[in-house]
Every structure is written in C-alpha cells, then in structure tokens.
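A lone chain, given as structure tokens: the form predicted alone.
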Amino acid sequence: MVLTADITLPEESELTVEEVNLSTATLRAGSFHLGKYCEQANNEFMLCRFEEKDPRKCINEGKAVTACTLEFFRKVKKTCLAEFNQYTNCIDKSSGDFGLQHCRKTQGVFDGCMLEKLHMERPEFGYFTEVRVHSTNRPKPLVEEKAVYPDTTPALPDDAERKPARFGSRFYWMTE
C-alpha cells in the first residue's frame, strides 16, 4: 500500500486502548474459553478485515475484541482465580513449548470451575474448525470496479503499407 495525500491515518487517541498484558501461558490456559466467549466480536473483526482489506476501517471492531478479552479475564479472576493460576503455572513449568498435554488434571479442575461458576463449557475438540455463518449489522462494502484502460497503441489498419525492417530481421541470429 502506498501512502499518498489522499490517505488519512488515524490519530493516536483512536488507536490507544487498554492492553492485555498477560503471559503466553496465561493466554494459552484461557484460550479455549476465551475463543468461545469472544467469538462474536472476533468474527466481526475478521469479517471486517477480510471485506474491507484496510485495517484502518476496522479499528472499532478491534477495540471490541480487546474489550471482550479484558472482560473475560476479569470474570475469570473474580470467579476461578486459584484454579486458573494452577493451570497456568502447570502450562508454564511443565514443558518448554507451553504444551497442554502434561496439564490435563489441572485443566479438568479449571474447566469444572468455569462450568460451575460461569456456566461456560469448554468447547469440544474441533469446535473452532467448524463452518459457521456469521450475521452482521455492518453494511457490505462496495466492490470497486477494476480500472479498464484503453489500448494505448492502436493497431495499424490492415491496408497500411508495411515496409521491411531497415536493418534486417529482429532475430539477428537468423540473418547473415
């Protein structure tokens, strides 16, 4: 993308939002529940990015995803903090790649707490790969027509005189 005088960039105040300052292990521990909790906001953001093909037009949708994430982790902190910290600590310390396979027991305790207190069931395996139709209130963007340029060099008329090349053929290796 080339920046010209016609393009306006958003102000810094438009871009400033509260950040989600969490570790990798924390995000991995809450990822499944977070994905289901913020599914609507995330799908709206991704649809906007796909249709608009301009990230400046999707700033508000991105802010909604960040706000949803913060809201989710605040709810987890209020209700299931001990179980969540135990699960996060297990993910952080049990493997070098933050693998979940070593922490199934603590995951079960955390999932039980989420189901009991927040009524959020952990999504089944393959939930995020299923095809879904997302309905939105945002109008579909107008499709830009492809620019059609006229042929810059019109063809010679059929009855035009065609003189032989001045220096022989263009294919120099074929001439003597």
Partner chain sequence: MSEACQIARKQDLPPPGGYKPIPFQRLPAKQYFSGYTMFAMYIGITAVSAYLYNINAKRIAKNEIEMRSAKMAIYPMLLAERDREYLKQLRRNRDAEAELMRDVPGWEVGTYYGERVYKLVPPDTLIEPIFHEYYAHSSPTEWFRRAYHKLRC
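Quantities reported herein were computed from a predicted structural model and do not represent experimental measurements. Positions refer to the first chain, counted from 1.
If you look for the form predicted in complex with the partner chain, you will not find it shown, but the lines that follow are about it.
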Per-stretch contact check against the partner chain in the model of the complex, the hit in 65-73, 133-141, 147-155, 112-120 (non-hydrogen atom, 4.5 angstroms):
65-73
Would residue 55 show up as a contact with the partner chain in the model of the complex if we use heavy atoms at 4.5 Å?
yes
Contact test in the model of the complex: residue 100 vs the partner chain, heavy atoms, 4.5 Å:
yes
Does the 4.5 Å heavy atom contact test between residue 78 and the partner chain in the model of the complex come out positive?
no
So in the model of the complex, does any heavy atom of residue 93 sit within 4.5 Å of the partner chain?
no
What are the residues of 12-44, in order along the chain, with a heavy atom within 4.5 Å of the partner chain in the model of the complex?
12, 15, 16, 17, 19, 20, 27, 28, 31, 32, 34, 35, 42
